[in-house]
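Single chain ahead, written as structure tokens, the form predicted on its own.
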């Protein structure tokens, strides 16, 4: 296990180094003059141009500039946004909780809805119900996320008028941003209309959460179904039936605990899908997260912000993937046994 963890950490270091290199090259080899891309100002005198050129160490060799970029990133200096004039890290720290909130709720929805549906499909294997569920999973995996989000808006907001179209909360409610996680800020607030604001925030959350959770949910359903079908044929399940245990007890005490590890492993592989899906959905629903900030930075050609978004989102996805892999390996005795046998 130690050797495996060491290999994973080495891979993490190399991946982070390549990610940092990609972000660094984005600022240097994108179209345009590096000075103008860094400060966003086009009308500089030759003296001002040279001053900025020297201040950002653009007169040094590229490899030294890269090491300086790494040092700044480690210290939290991701540059200054050319569009807003504020530190990129400050803006990202305000936007990240909104993205994390959407991803976490979508992950919970995928688990809460996916495991029961997958179990239902497994218990009715090779029946019309099972085939219908699998067909819906195929459609949910195949449909583009942005188009699915537009369909949800068309049905639930524009046609039926049940849910608000965009945003995190109505402009009628003023919420003090303590954590920048809307539901948590509402629970921590002491305003008199907190219950109404909470209902409004949940209504705003529903459609983007469903849109982000759809693809991970289909993966949870398929993994739960296939694992459950295999487990129900195992000897320990047959022995539990022979002892007279009911189907519910067998599922709760024997089958479902063994389903959680494969499901959690597959979900850990969905972190990239969850974050990229959330960043797309944020722009459709005007959700003030990292994805919306990223698209706004692209439109304004704000290269320091683009570099910061790439570094932060990529780092989070890589770190979560490696951490979940290590935790899954530590929790699964069969995986640990395989590793020890290989070693």
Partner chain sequence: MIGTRLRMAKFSFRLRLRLAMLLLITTALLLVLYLLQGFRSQPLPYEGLIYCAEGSPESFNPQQALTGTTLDATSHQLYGRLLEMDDRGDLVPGLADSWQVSDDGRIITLTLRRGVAFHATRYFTPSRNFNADDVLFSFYRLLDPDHPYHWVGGGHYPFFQSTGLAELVTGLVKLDNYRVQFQLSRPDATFLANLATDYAVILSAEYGQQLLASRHPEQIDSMPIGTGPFLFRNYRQHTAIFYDRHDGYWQGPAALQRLVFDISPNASMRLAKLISGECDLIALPAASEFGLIRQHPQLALDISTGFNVGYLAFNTEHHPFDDRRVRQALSLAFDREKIIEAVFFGSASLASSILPPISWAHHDGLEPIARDLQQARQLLESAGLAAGFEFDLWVPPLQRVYNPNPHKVAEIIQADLRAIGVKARIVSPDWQTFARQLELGNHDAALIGWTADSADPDNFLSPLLSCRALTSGSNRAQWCNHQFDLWLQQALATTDRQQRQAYYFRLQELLADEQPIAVLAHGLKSIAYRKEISGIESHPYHALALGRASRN
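As the structure is a prediction and not an experimental result, all values here were calculated from the model. Residue numbers count along the first chain shown, from 1.
Not pictured, yet referred to below: the form predicted in complex with the partner chain.
No residue in the set 74, 307 and 310 has a non-hydrogen atom no more than 4.5 Å from the partner chain in the model of the complex. Contact annotation: residue 157 falls within 4.5 Å of the partner chain in the model of the complex, judged by heavy atom distances. Residue contact check for residue 97: none of its heavy atoms lie within 4.5 Å of the partner chain in the model of the complex. Using a 4.5 angstroms limit between non-hydrogen atoms, residue 162 touches the partner chain in the model of the complex. Taking non-hydrogen atoms only, residue 243 never approaches the partner chain to within 4.5 angstroms in the model of the complex. Segments offered: 140 to 148, 213 to 221, 258 to 266, 193 to 201. Contacting the partner chain in the model of the complex at heavy atom distances within 4.5 Å is 193 to 201.
A single residue from the set 84, 270, 226, 189 has any heavy atom within 4.5 angstroms of the partner chain in the model of the complex; that residue is 84. Interface residue among 234, 90, 126, 174, judged by heavy atoms within 4.5 Å of the partner chain in the model of the complex: 174. Of the residues in 226 to 265, those that come within 4.5 Å of the partner chain in the model of the complex through at least one heavy atom are, in sequence order, 247, 248, 251.
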